[in-house]
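Shown next as structure tokens: one chain only, the form predicted on its own.
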Amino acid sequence: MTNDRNAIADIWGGRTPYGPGESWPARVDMHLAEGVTEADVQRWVRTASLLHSNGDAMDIAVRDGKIVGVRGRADDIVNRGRLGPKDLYGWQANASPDRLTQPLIRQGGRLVRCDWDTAMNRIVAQSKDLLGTHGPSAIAFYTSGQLFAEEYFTLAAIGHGAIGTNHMDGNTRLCTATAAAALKESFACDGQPGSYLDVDHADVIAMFGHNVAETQPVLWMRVLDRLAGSQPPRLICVDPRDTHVARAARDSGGVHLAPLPGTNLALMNGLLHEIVANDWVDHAYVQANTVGWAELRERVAEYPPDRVARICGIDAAAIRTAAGVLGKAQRLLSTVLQGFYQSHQASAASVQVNNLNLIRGQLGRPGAGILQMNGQPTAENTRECGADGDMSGFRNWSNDAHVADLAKHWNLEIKQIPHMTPPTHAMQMFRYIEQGSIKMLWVSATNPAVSLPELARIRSILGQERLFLVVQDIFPTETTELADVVLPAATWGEKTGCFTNACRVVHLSERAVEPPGEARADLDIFLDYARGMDFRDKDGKPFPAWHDAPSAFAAWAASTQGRPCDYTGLSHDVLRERVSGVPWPCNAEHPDGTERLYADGKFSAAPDYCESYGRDMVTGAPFEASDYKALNPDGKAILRAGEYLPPHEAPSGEYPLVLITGRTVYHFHTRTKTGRVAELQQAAPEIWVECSAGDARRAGLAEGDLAEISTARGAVRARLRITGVRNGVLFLPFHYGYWDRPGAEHSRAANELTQTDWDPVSKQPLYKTAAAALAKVPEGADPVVPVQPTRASTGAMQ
């Protein structure tokens, strides 16, 4: 069956019901350019989606050297042929007429066109000068969750190995850092334990701060099809908004919990309290596979439902009911995303989700799993390859043997790789730039001038004359406007490489068409820089040793041998020949990949093997190797307890509400791609604000009124939507910046309002606990166009 639906109005398509233990039926979604039929397509080229973390496998339709559409891959375990709105329409952004097609350099205060040699020579000269005068710590790299594994591995090799800087991170710090941190705290190593296949078996699916219907619509299609089949699962939803997921949870016989933002840890402790008090604990599993049980039991005893209800502002009876659903589940799948990740105790709360599955023995078998989700399509690779500050191959920065092992793979001296202090996270990097110790920043495939918190400060930092700013991107953005050098990059469909989705499934994305103008693949740009800098390995040979995407992947795969993310069974040729999508580890022992980690109760947590010795849940201070060996000498899973603390910025008389930010199904990141696609842009053309009917009435506002939302950092204006969000909470989508409003005042981007603060463990910024005020703006005071509510935001249910 091929489905060419209107995915703007019909986001999730028709149902293909199935029961527990059955395979998810295939349904092939397709969209071709107007007037093009399947018979007109000359080539279909294998790839996967690069506009969310789900990794939907698809083929690109090519005709006369141009992309003319996409079609889902029915054989892939991730999506079984289905595609979401951004998958179906997003490819059109590649052909946008305002693509960057030629390098730019700043001259006389203006960006002017130049050739590649001129642009790269300026970067190389600046780099050499800084290395000679200030050392490696004067240079920093800030990358993305949208490049390919080969590119991240190369960037990590250049930054950590050749230059020797400790300043490297990705915008994945904003969306996936807590996923990695929570997994490291519980399993001493990153790596998603569960699989999307667990949806096919679960009798309870719990979504903690995970609005899957909009962030991963194809995964939600899978859940909807289970709900439509025999023996449907019950759902638990934790979200202050009354979303599609929340309504489905209630309809399924499950529970929707809407806690106050910033109280997730208290809620999780309350749920665990009830599970322990009712002895819904798999004591044999806990005894055999975990450490820390006594401390966890003692901590959650302090959080009876009545106390938690007062903290979270929800009904104690609902907490008990939800705990009963979770405690009696036979196959429990737990998922987590930004609702938990972007708060002040993000890691501690997310770790309690891991604890929930561990003490219930719900791990490593069909339907029993944990999915600490990612926000971006290749965020998993940023972490694996070390482009976010982690060490390549999930190695441990605090273990000298691991550093030596990586140095051997790179053929560098160990002393070239900085490892005396923890790597610098993004928020700290921008502080160092502000203070002047970092003097050159290379930004690739991201737009911090819209995505980072407290934008007035970020614009001030990036606009400093003493900072040399390089930006590598495919479109002009708010960040390229501040750059000294702009490099035009190729994108998805214009280059070849691999990337891995949120449940470890690896896809090969093939080059389908030529990039526009002089745009180049990010890998080629990094390698060109390396050759310009004349980096050498310890034998005097050019470094990195690889020269193209297949050889870069081969080097990356070889470096993972024996590590948890073992890619040694994969290559471009293998991925090209296989059934679409292979989950790592894939090696001689597991030639077809591995659906679930820890199925045998063996974890990657032995003291000499683990990626992390853990951190204090309150302060974030790292533990030493000796502390870890004393706690966990046998390498078991770790039950870490957490004490609830109130948010740093509480509502006040001046700012009585709590602002949270989030996503819409139609847009990605800062809308630089999706805002250039007619279908997606028209579906959600303008920012809006959501509040409850009660809060609207108290502010004197009605549906559609123009409102001003303010915090201690600034104010933005948006049309009001009255929704089911709980009282006391405002919601703003964060996608909207200023690239399509040149010269406009800074009154549109949600991050004008968010705060410079972060979770102590993951260092992920806080986007969901800002104290805010809401007021009516007189009509005629702002030219903002009225907003037509879309299907996704008005709550229409399939």
Partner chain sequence: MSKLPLALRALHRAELSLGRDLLMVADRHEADHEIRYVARDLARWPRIHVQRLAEVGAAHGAHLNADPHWSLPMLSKTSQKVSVALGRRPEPALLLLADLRRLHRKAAGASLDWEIVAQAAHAMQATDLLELSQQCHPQTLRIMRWANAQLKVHSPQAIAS
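Being a predicted model, the structure only gives us computed values, none of them experimental. Numbering follows the first chain given and starts at 1.
We do not show the form predicted in complex with its partner chain, though everything after this point is about it.
By the 4.5 Å heavy atom rule, the three marked residues T421, A621 and D757 all count as contacting its partner chain in the predicted bound form. Checked against its partner chain in the predicted bound form, the candidates S460, S626, S652, Q107 yield a single residue with a heavy atom inside 4.5 Å, and that residue is S460. Note on the partner interface in the predicted bound form: the residue among K541, R466, H283, K415 having a heavy atom within 4.5 angstroms of its partner chain is R466. For S137, a non-hydrogen atom is located within 4.5 Å of its partner chain in the predicted bound form, even though that partner is not displayed. By the criterion of a heavy atom within 4.5 Å, S571 is excluded from the residues contacting its partner chain in the predicted bound form. Contact check for H167: a heavy atom falls within 4.5 Å of its partner chain in the predicted bound form.
Put simply, R697 is far from its partner chain in the predicted bound form: not one heavy atom of it is within 4.5 Å. Judged by heavy atoms within 4.5 Å of its partner chain in the predicted bound form, the contact stretch among the candidates 96-104, 129-137, 387-395, 168-176 is 129-137. Along 622-651, a non-hydrogen atom within 4.5 Å of its partner chain in the predicted bound form is carried by P622, E624, E643, L645, P646, H648, in order along the sequence.
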